[in-house]
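Quick heads-up: it's one chain on its own, the form predicted on its own, in structure tokens.
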């Protein structure tokens, strides 16, 4: 007998599910930063309602971002330092 979970959420073909998981994985930062389009948000939210693995990844990513941003402080640096860093970056390109 199938569990209620599998009855409510029938399995998608593995290839389709894998492609959706990869798409959701690539959208994690957009979603957490609030930069995803409404279409992307709808797709993402629908997918994580059905996929435990992607839901857990999303929760971990949100937690990590919260921990990092909670411990960082914005520091104002001299303009010369900013210009020096940008110049060195351009040299490497």
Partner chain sequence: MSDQTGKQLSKEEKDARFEAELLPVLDPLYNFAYRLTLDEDDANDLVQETYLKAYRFFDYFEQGTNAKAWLFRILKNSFINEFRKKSKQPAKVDYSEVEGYYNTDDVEGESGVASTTDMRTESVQDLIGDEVASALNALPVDFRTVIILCDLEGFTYEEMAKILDIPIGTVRSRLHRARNSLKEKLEKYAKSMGYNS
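Residue numbers count along the first chain shown, from 1. Here, rigid core means the biggest group of C-alpha atoms that superpose within 1.5 Å across both forms. Fair warning: this is a prediction, and the values are worked out from it, not measured in the lab.
Another form exists, predicted together with the partner chain; not displayed. Remarks below refer to it.
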* To do: Answer yes if any heavy atom of residue 33 is within 4.5 Å of a heavy atom of the partner chain in the predicted bound form; otherwise answer no.
  => yes
* Exercise: residue 85 in contact with the partner chain in the predicted bound form, heavy atom 4.5 Å -> yes
* Asked: Taking the shortest heavy atom distance, is residue 63 within 4.5 Å of the partner chain in the predicted bound form?
  -> yes
* To do: Using the partner position in the predicted bound form, report whether residue 67 sits within 4.5 Å of the partner chain, counting heavy atoms only.
  => yes
* Structure fact -> Looking in the predicted bound form, the residues of 65 to 85 with a heavy atom no more than 4.5 Å from the partner chain, listed in order, are 65, 67, 68, 69, 71, 72, 73, 74, 75, 76, 77, 78, 79, 81, 82, 84, 85
* To do: Kindly check if the Cα atom of residue 19 is displaced 2 angstroms or more between the shown form and the other one relative to the superposed rigid core.
  => no
